[in-house]
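Shown below, as structure tokens, is a lone chain in the form predicted on its own; questions about how it binds or moves come after it.
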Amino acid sequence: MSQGDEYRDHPVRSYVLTSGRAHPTRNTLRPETLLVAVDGRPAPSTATRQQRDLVRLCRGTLALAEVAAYLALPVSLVAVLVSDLVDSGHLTIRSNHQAHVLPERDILEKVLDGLRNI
């Protein structure tokens, strides 16, 4: 194992950072969810160091997984912190969801026929 691959434990336990909560208040947060800080709105005065860093990182658009990587925290923990900041109006969620378009039936039938001929 190289030095960069070593396990790093945090001096503060995850449940302390989330006030004992294990789940975010929003069930729509996924690792690919895009986050943006609300313009001109500083982190709350009661924010933890991690929440302040999170708001600072989200001045540009970042995915939840990217924020977790920058903070060196588990994605599940960052999801709880993010949901608190979204609820308080300090972060917004950008949806990159596009309408799911199904291929036409004839294309699917051609693919199926091709697979059967293999």
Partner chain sequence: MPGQHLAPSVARSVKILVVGAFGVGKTTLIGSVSEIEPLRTEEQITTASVGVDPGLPEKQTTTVALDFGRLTISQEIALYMFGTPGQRRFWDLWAGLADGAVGALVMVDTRNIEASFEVLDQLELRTKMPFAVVINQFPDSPQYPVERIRAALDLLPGTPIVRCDARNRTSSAQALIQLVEHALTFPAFQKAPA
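A quick note: this is a predicted structure, and the numbers were derived from the prediction, not measured. Positions refer to the first chain, counted from 1.
The following text describes the form predicted together with the partner chain, which does not appear among the structures shown.
So the partner chain isn't shown here. In the predicted bound form, which residue out of 62, 91, 80, 43 has a non-hydrogen atom within 4.5 Å of it? Selected option: 62.
*Does the 4.5 Å heavy atom contact test between residue 30 and the partner chain in the predicted bound form come out positive?*
The answer is yes: residue 30 has a heavy atom within 4.5 Å of the partner chain.
Residue-level contact is defined here as any heavy atom of the residue lying within 4.5 Å of the partner chain in the predicted bound form; does residue 68 satisfy this criterion? Flag for residue 68 set to yes.
Whether residue 57 contacts the partner chain in the predicted bound form should be assessed with a 4.5 Å heavy atom distance threshold; does it? Contact with the partner chain, yes.
Inset, instruction - Flag residue 75 as yes or no: does it have a non-hydrogen atom within 4.5 angstroms of any non-hydrogen atom of the partner chain in the predicted bound form? - result: Output for residue 75 is yes: heavy atoms within 4.5 Å of the partner chain.
Pick out the residues of 104-118 whose heavy atoms come within 4.5 Å of the partner chain in the predicted bound form.
Residues within 4.5 Å: 104, 105, 107, 108, 109, 110, 111, 112, 114, 115, 116, 118.
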